[in-house]
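Take a look at this one chain, the form predicted on its own, written out in structure tokens.
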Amino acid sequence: MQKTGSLPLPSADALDASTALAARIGEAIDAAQGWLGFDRYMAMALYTPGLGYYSGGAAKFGRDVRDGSDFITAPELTPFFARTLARQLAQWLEQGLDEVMEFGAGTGRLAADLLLALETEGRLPSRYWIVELSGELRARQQATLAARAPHLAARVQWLDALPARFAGVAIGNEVLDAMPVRLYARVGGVWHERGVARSDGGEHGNDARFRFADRPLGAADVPAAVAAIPGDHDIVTETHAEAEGFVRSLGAMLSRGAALLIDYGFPASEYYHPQRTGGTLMCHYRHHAHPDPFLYPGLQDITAHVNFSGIAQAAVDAGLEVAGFASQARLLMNAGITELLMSLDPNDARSFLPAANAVQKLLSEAEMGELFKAIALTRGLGDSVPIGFAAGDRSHTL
């Protein structure tokens, strides 16, 4: 577990909010007779109204620790991310579609830059919907749009939940990884569900309010993908019922159109590889990545990598077609990110070099290019190949 001394300290107000959330989680553990599934703990830590990480007032998204943020996403890194994705969205919008919907819009930077790029592409949608539960994030998105694309801000409207039906193009960047997961641990050859219990202290002192607690499972209660991991060595892994349920809801909503989901993860053959013994659960606090989900509840992000095979199967179950699956690097290169970058003057080092360095982070195998994947889901768009998946499609690996 991460030592608290190696991380920046929260303010007194933030620590008070975390203490209040921890008290609520403790009450939930008591009500559940001393043991809470990790998925419920994660949901409370991230989404408890007013106190959870995504429903409170933390900065979350930014460039470094100085702005109070915890991590940086591709839209914050460079506008070339949105400008490139706009080419893929424009191809779909050309097929008689006129609306865009974004999930998990963060600061609103992706929305603003997509609208500006779609305007340039001549495919500006009549309406840009943002599905956002957090009032704090909604206000930040409105401010970003007013600052970056004031003449287009009126096209944007917010929703608290998915509508019953939608025809258009949907996009979600780093949405699935923030959905609660269930943890499973094989210990001594026996599968357990790993949950959360109260702690009596430990190395964190007063910060260690909670600990992992395992419950043995019968063979019938172990998910098939988990039970199929070969060997009898100790291993921890996750399942993604909530993310898969979200995709099924997306399928029920999408009457015609496409959805593009980008996140870090793997197909099932890699996700449930027997050598991935520690699972993929990870936390982000002030631009430090660490493995302790019990540190500062409500003040840090908790994520898990995405099992894209499960996402694809949920989509197919909901009547969608998997139109493509590729690395982020391949998606962006296919859609012309290098061509867009060369619109800058390479001789102007002050503008070109920072832009090129940011694009390199998006494409590099050592950075985001290979770890992040993109999956395209469609309904009613025929057999045309999405430009972002014209080469390097890995759908066969799902």
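Just count from 1 along the sequence shown to find any residue number. Predicted model only: the values in this text are computed from it and were never measured.
There is another form of this protein, the form predicted in complex with a small molecule, and it is not shown here; the text below is about that form.
Of the candidate stretches 340 to 348, 353 to 361, 34 to 42, 47 to 55, only 47 to 55 has residues whose heavy atoms lie within 4.5 Å of the small molecule in the model of the complex. Contact annotation: residue 244 falls outside 4.5 Å of the small molecule in the model of the complex, judged by heavy atom distances. Using a 4.5 Å cutoff between non-hydrogen atoms, residue 88 does not count as a contact of the small molecule in the model of the complex. The closest heavy atom approach of residue 105 to the small molecule in the model of the complex falls within 4.5 Å.
By the criterion of a heavy atom within 4.5 Å, residue 173 is counted among the residues contacting the small molecule in the model of the complex. Interface residue among 222, 153, 281, 131, judged by heavy atoms within 4.5 Å of the small molecule in the model of the complex: 131. A single residue from the set 217, 268, 124, 178 has any heavy atom within 4.5 angstroms of the small molecule in the model of the complex; that residue is 178.
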